[in-house]
Ligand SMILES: Nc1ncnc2c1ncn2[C@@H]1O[C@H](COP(=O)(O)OP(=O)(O)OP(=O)(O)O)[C@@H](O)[C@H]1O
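Consider the single chain below, provided in C-alpha cells and representing the form predicted alone.
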Amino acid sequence: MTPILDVRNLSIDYLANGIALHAVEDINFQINKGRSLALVGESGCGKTTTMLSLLRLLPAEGRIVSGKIIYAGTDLLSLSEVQMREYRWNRMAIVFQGAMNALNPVQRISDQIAESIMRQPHTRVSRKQALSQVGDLIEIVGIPEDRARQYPHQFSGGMRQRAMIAMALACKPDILIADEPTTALDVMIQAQILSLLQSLQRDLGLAVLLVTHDLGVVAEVCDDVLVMYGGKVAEYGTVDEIFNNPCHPYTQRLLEAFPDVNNPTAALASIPGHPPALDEIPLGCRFEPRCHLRTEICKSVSPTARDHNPGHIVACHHAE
C-alpha cells in the first residue's frame, strides 16, 4: 500500500547563538491511510519538533536542514508558504497539547470551530453556513449541540479536548496529528478520548499520528510505533513487534518501567541519568551513557538503523 505520508531522512536544527544544534537527525517513517503511528520517547527526544515540522510550523529558531516530507506524492518541503496553506489543516490537522491554552478563552466554542471552516482555501462559506456545520462536527466528537455556544472555561478538560478534535476535523483532513491528547485528563476521560480517536480513524478512514510517552495509550490505539531517543530513531515497527520483541535497550527499559497487569507485584525498572542536551550529544550511540548493554564500540560509533526483522528497524550495535 502506498503511504499517504512518507518522511525520509528528516533532519532539523535549532539555532542558538549562531550554533546549529541537531534536534532531529535522519528520521524515517510512513503512515498509511486508516492506520495509526505513535511517536514515543521521553521529553526532549524530538517528538513535538518532528510533529511540527510536518506542517512546517517550527518556531523561528528551528529549520529543516534535509530530508523529504511526502504527502500523497508531493514533497511538502518543495512548496512555497502560499502553496503550503492548501495542505495545512486541509490535508493534515493537529490537535495541540493543552486544550485550555490552545482554545481562545474569550470566544465561544462554536465561533472557533466555524472560523476553521471559513478559512478553508478555495471554499466560500458564509458564517451562517459554517455555524450550521458546527453542530454536525461537535456531534461526531460527542459534544451536545446545545453546548456549542459556551466558552472554553465552561467545558471540562475532556470536553475541551473533544472541541479541539472537532476543530481539527473541520477541514476534513486525511491525517490527524494528536500531541499528547490525554495529558492532564483522568483515567476515565483518557479512555473516552482514545475511544473517540479509534472510532474517528475507523469511520472516517483517517491516518493518525499520535505523539505520546504513555505506552499504555500506544498499546490501546496504535498500529505502529516509532521509538525516539536523542532526536534519532531507536526502534520502529508494529505494535506487536515492539511490545513482544523489543530489541533496543531503551525500548526494553521503557517497557520494563510500565506496570504489568499480569504481574502487579513485579518491580519496575528505571533508566539512570537523563536524555542528552542538544549541546551535549555523545559521540557514539546517544543512549550509551545510560545503557546497561554498552560496550566500547557504543562510545565511538553511532549505530545505523537497520532491519532486525522485515518491517522491524533497530538502531543498536547489540540488537541481536
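One rule holds for the numbers: they count along the sequence shown, beginning at 1. What you are looking at is a predicted structure, and each value in this text was computed from that prediction instead of being measured.
Here the subject shifts to the form predicted in complex with the ligand, a form of this protein not shown in this document.
Engineer: Decide whether Gly67 counts as a contact residue for the ligand in the predicted bound form under a heavy atom distance cut-off of 4.5 Å.
Structural biologist: No, Gly67 stays farther than 4.5 Å from the ligand in the predicted bound form.
Engineer: Whether Ile27 contacts the ligand in the predicted bound form should be assessed with a 4.5 Å heavy atom distance threshold; does it?
Structural biologist: Close contact is absent here: in the predicted bound form, Ile27 is far from the ligand, nothing within 4.5 Å, heavy atoms only.
Engineer: Give a yes or no for Asn32: in the predicted bound form, does one of its heavy atoms lie within 4.5 Å of a heavy atom belonging to the ligand?
Structural biologist: So Asn32 does not count as contacting the ligand.
Engineer: Tell me, yes or no, whether Thr48 is in contact with the ligand in the predicted bound form, where a contact means a heavy atom of each within 4.5 Å.
Structural biologist: Although the ligand is absent here, Thr48 would touch it in the predicted bound form, with heavy atoms inside 4.5 Å.
Engineer: Report the stretch among 249-257, 54-62, 287-295, 264-272 that approaches the ligand in the predicted bound form to within 4.5 Å, counting heavy atoms only.
Structural biologist: After filtering at 4.5 Å, what remains is 54-62.
Engineer: Heavy atom within 4.5 Å of the ligand in the predicted bound form: which of Ser116, Gln97, Ser110, Asn90?
Structural biologist: Result of the distance check: Gln97.
Engineer: With the partner absent here, would Tyr71, Asp174 and Val239 each sit within 4.5 Å of the ligand in the predicted bound form, counting heavy atoms only?
Structural biologist: Verified in the predicted bound form; spot residues all out of contact, no.
Engineer: Need the contact residues for 155-182: heavy atom within 4.5 Å of the ligand in the predicted bound form, sequence order, or none if there are none.
Structural biologist: Sequence-ordered list has one entry, Glu180.
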